[in-house]
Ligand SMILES: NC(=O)C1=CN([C@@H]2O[C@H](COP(=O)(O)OP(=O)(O)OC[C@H]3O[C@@H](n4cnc5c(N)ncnc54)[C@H](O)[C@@H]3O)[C@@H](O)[C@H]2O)C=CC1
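Only one chain is given next, in structure tokens, and it is the form predicted on its own.
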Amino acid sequence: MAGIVHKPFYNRVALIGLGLIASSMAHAIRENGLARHIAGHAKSAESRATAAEIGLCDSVHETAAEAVKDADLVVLAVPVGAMGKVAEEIGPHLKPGATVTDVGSVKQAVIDAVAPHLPPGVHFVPGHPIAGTEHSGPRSGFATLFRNRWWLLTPLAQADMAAVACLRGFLEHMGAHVEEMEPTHHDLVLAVTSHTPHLIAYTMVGVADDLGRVTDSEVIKYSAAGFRDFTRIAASDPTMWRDVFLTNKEATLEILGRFTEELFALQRAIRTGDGEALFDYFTRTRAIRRGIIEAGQDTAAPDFGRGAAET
């Protein structure tokens, strides 16, 4: 679907926050003709100036309240910890019948923070695009970021089905595969697939940094693919990930506990020379990797399957 101009789903879309996700949405919206006007706001004056300079949005506003005026769709693309404050600011300025969504990777905490500030008649459809790179800022976006990637929606029980369907179509025309999920289940799934792996990556890079017997130059010069992959993940936005772990605390701690148990089992197998246990374990985990590739969520190529244009 992506790359073909369609009838606009919304007259005016407001992007609150102009980092990787929002800037990629702006490019995809324009490329596919999905809205007539894109309004943008970023907290940073530098980001607003950059967005205006590169023509990322049709209009760039100093405040979120100004940006959402008359918007049919409002996208909250700010760190999870800032969602509630932004919702409080924009609530009185939202157009009746507007849809508000977000792109946070934690859902129940966002619902708890945002929903109380939205007036009756405004449709809240929380969302999470499972796509990204380690880059951030208005210049980091590209129109194909969401192509063939999952975008999870977690509608509330009282959600307006027409609003959900319109948002789904909008996202699908950016190239995303859209599925609906219950918020707390989403948070558990993402603790397994994203949050805990990021924490492990941060930890491994931290271990390398703290290990005095291995110099920084050796870490950089002799990095094998596994460690390079860890450093890419660990280069992600620290504000975003701080908020993710603080707001998805229970699910992340549960998965970390299970990870610790698995790690102890592997330590025991290595210590006792149990090659059969190690071989069986690695065979099982290798099959999961094959399943991800067969599902089209990555390729067998290095660098997470990303081409040079996407790095």
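Keep in mind that what you see is a predicted model, and the values were worked out from it rather than measured. Counting begins at 1, following the sequence as shown.
One more form of this protein, predicted in complex with this ligand, exists but is not displayed; see below.
Asks: Let me test this: is every residue among Asn11, Ala67 and Ile90 within 4.5 Å of this ligand in the predicted complex, going by heavy atom positions?
Replies: The answer is no: none of the three residues contacts the partner (heavy atom, 4.5 Å cut-off).
Asks: So, in the predicted complex, is Ser136 in contact with this ligand at a 4.5 angstroms heavy atom limit?
Replies: Answer yes; at least one heavy atom of Ser136 falls within 4.5 Å of this ligand in the predicted complex.
Asks: Give a yes or no for Thr196: in the predicted complex, does one of its heavy atoms lie within 4.5 Å of a heavy atom belonging to this ligand?
Replies: Looking in the predicted complex, residue contacts with this ligand do not include Thr196, since no heavy atom lies within 4.5 Å.
Asks: When the contact criterion is heavy atoms within 4.5 Å, does Thr252 count as touching this ligand in the predicted complex?
Replies: Contact check for Thr252: no, nothing within 4.5 Å of this ligand in the predicted complex.
Asks: Answer with yes or no whether Asn248 is in contact with this ligand in the predicted complex, where contact means some heavy atom within 4.5 Å.
Replies: Asn248 lies outside the contact set for this ligand.
Asks: Of the residues Leu73, Ala191, Leu171, Val86, which one places a heavy atom within 4.5 Å of this ligand in the predicted complex?
Replies: Only one option qualifies, and that one is Val86.
Asks: Which listed residue (Gln267, Thr283, Thr260, Ser44) meets the criterion of a heavy atom within 4.5 Å of this ligand in the predicted complex?
Replies: Only one listed residue qualifies here, and that residue is Ser44.
Asks: Just one stretch in 100 to 108, 159 to 167, 117 to 125, 174 to 182 has heavy atoms within 4.5 Å of this ligand in the predicted complex, so which one is it?
Replies: Looking at the other structure, the answer is 100 to 108.
Asks: Scan 161 to 186 and write down, in order along the chain, each residue with a heavy atom lying within 4.5 Å of this ligand in the predicted complex.
Replies: Read in sequence order, no residue approaches this ligand (within 4.5 Å, in the predicted complex).
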